[in-house]
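Coming up is one lone chain in structure tokens, specifically the form predicted on its own.
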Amino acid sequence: MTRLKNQADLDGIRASARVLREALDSVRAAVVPGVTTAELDAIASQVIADHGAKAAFLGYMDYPATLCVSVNEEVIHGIPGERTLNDGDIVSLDVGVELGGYFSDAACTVPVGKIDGQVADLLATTEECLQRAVGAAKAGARVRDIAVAVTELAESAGYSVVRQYCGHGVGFQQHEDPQVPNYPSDEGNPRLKPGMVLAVEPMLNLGDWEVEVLADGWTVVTSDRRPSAHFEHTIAILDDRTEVLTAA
């Protein structure tokens, strides 16, 4: 059941999102060749703690870290560790924050040093898909409109859309109803109402859309091991507009 947020709730989620934005920006600034994914995780942990907030992912279904750090063919849920980022890699940085009982969620994929031009276009297209998704997410529209906006742009650019994972409601918990797919389906198509808060998160692959989970039980990779990109914002559906709560 989708739980709508009132003004006080939205203020609480905005405060959570401000902490998240600072953490994500701090991590993004630290992405250089030679840094380890564990070092990036430590940066996010420190920023979140400095604001008296909590890392929403840490301990969620026993997830062991603050960040999800997914490199190259890793789509989502990569666990930080001793892996060193190298020139030419791309890395998805995904973080959730809880502050005062309110949750926010956002992600971006960034280059490490100089990257291949086709991969750079994948990142740019995925970020534009997020912008299109936000534009489609307005009061009176339906969840499927978001999926159509993402898929039309992605496929016109020659990329595939991950179908097995999707966005979701957020705010009172890390994951809430409704699910927000990036690929149109016949399952569940609720109308968007003022007071909904959603985590919208396109995931595009350079190759095929199929993915699989590694032996660690968390890391999702492309089945063909070609690069993947992921961008995400927490947004609020309001009467007269859609507000991107995790915007820079």
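Since we're looking at a predicted model, the values are computed, not measured. Note that residue numbering begins at 1 and tracks the sequence as displayed.
The form predicted together with a small molecule exists for this protein as well; it is not shown, and the discussion that follows is about that form.
Chemist: Please pick out the stretch from 131-139, 115-123, 80-88, 173-181 that is in contact with the small molecule in the predicted complex, where contact means heavy atoms within 4.5 Å.
Modeler: This holds for exactly one stretch, 173-181.
Chemist: Closest heavy atom of R163 to the small molecule in the predicted complex, within 4.5 Å or not?
Modeler: No, R163 sits far enough from the small molecule in the predicted complex that none of its heavy atoms falls within 4.5 Å.
Chemist: Using the partner position in the predicted complex, report whether C68 sits within 4.5 Å of the small molecule, counting heavy atoms only.
Modeler: Within the cut-off, so yes.
Chemist: Do E74 and the small molecule come within 4.5 Å of each other in the predicted complex, heavy atoms counted?
Modeler: Although the small molecule is absent here, E74 would stay clear of it in the predicted complex, with no heavy atoms inside 4.5 Å.
Chemist: Can you check whether H168 is within 4.5 Å of the small molecule in the predicted complex, heavy atom basis?
Modeler: Contact check for H168: yes, within 4.5 Å of the small molecule in the predicted complex.
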